[in-house]
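Presented below, as structure tokens, is a lone chain in the form predicted on its own.
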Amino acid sequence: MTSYIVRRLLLGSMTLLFITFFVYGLIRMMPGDPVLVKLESVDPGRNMRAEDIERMREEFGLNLPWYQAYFKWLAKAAQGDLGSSLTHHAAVAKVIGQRVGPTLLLTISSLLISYLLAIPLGLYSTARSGKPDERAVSVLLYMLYSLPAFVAALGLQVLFSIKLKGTRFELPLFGMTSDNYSELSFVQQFSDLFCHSLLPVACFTYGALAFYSRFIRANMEEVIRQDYIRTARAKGVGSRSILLHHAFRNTLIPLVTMIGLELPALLSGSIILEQIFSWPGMGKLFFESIRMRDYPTTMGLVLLFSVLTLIGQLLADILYAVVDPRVTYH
């Protein structure tokens, strides 16, 4: 196992270098000059000298060919220095750190709700396979899975923020907190944050719920056809015991490995949903950094997402070997 992990880490390091090199070249080829973006935030009454503009270009490596600038960025990143954000005027690591909490609030809540609802739904669909109620549930899940998240987000905003405005069911249209959040008590702050997060969490959850429940159902259908399940039935074991103690335990193997693959999604957030709800998360930061040509922030996020993806894939392989002793790595 140790030698396998070492090989995967070496391969992951090479993959990470290729990804960051390729993405850095792409963003440097995008039209637009980050220095001009920087100048837009400068006091209009202040005259920028040519020396100041050249110094700014040197600061962000724009005076070098992109491949030379990449290795300059890589050397700093290897020392833990991701540079300074062009638009936020702060260290990239600090800017990213401020957006982690809001994104985790949505993604972890969504993940927990999805699993808590998907497991009983998957078991129910298996137990009632072919029955009218199971078919109705399946059709509903397929409809949810095919519904684009941005359409659901806009529909929920119209319903709960406009149609139900002034009623007890009204929910905030966008944002993470109200303007007077700092003046509220702890209980009121929790309630305010809860109300603001309801619609984004719902949009994050319904698609994942439909996918996980169908995933569990598909794995259960495969397991219950195995010989040991037929043997258990022949011995007179009850249907509920077969479903929960024999079949479901084996479906946990692919389900557990999916946890590792979910790691990048926990921090990447959603660009579209966070934009719609003006949620200050990682997805919104990624979109803003690309739009504003904020190269240091974009590369910091690409590096973070790439590392999480590689770690998630390695974790999924390790978890698979943990839950299934038949799988070994050399």
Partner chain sequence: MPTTSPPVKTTLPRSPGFWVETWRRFRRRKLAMAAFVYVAFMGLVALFSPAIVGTKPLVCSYKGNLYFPALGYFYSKWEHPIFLIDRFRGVYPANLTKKDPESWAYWPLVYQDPYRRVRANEWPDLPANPARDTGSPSRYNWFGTTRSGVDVFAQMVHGTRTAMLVGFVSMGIASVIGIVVGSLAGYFGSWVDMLLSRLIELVMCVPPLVLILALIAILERPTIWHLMAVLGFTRWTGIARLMRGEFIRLREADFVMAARALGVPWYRVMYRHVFRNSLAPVLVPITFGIASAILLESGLSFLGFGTPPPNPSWGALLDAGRSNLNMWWLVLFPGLAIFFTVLAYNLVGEGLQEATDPRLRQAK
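Numbering follows the first chain given and starts at 1. Model, not experiment: these values are computed from the prediction.
A second form of this protein, the form predicted together with its partner chain, is not displayed here; the remarks below concern that form.
Residue contact with its partner chain in the predicted bound form: I19 places a heavy atom within 4.5 Å of it. In the predicted bound form, no heavy atom of H88 sits within 4.5 Å of its partner chain. Within this chain, L11 lines the site of its partner chain in the predicted bound form, having a heavy atom no more than 4.5 Å away. A residue is said to contact a partner when one of its heavy atoms sits within 4.5 Å of a partner heavy atom; Y70 fails this definition for its partner chain in the predicted bound form, lying far away. Checked against its partner chain in the predicted bound form, the residues M143, A234, L116, A75 give one hit for a heavy atom within 4.5 Å, which is M143.
With the partner omitted here, the residue from I229, M258, L173, A93 that has a non-hydrogen atom within 4.5 angstroms of its partner chain in the predicted bound form is L173. Residues Y4, V6 and A321 are none of them found to lie within 4.5 Å of its partner chain in the predicted bound form, as judged by heavy atom distances. Note on the interface: of 153-161, 234-242, 93-101, 195-203, the segment with non-hydrogen atoms within 4.5 angstroms of its partner chain in the predicted bound form is 153-161. The partner is not shown here, but in the predicted bound form the stretch 292-321 reaches within 4.5 angstroms of its partner chain through a heavy atom at R293, V302, F305, S306, T309, L310, Q313.
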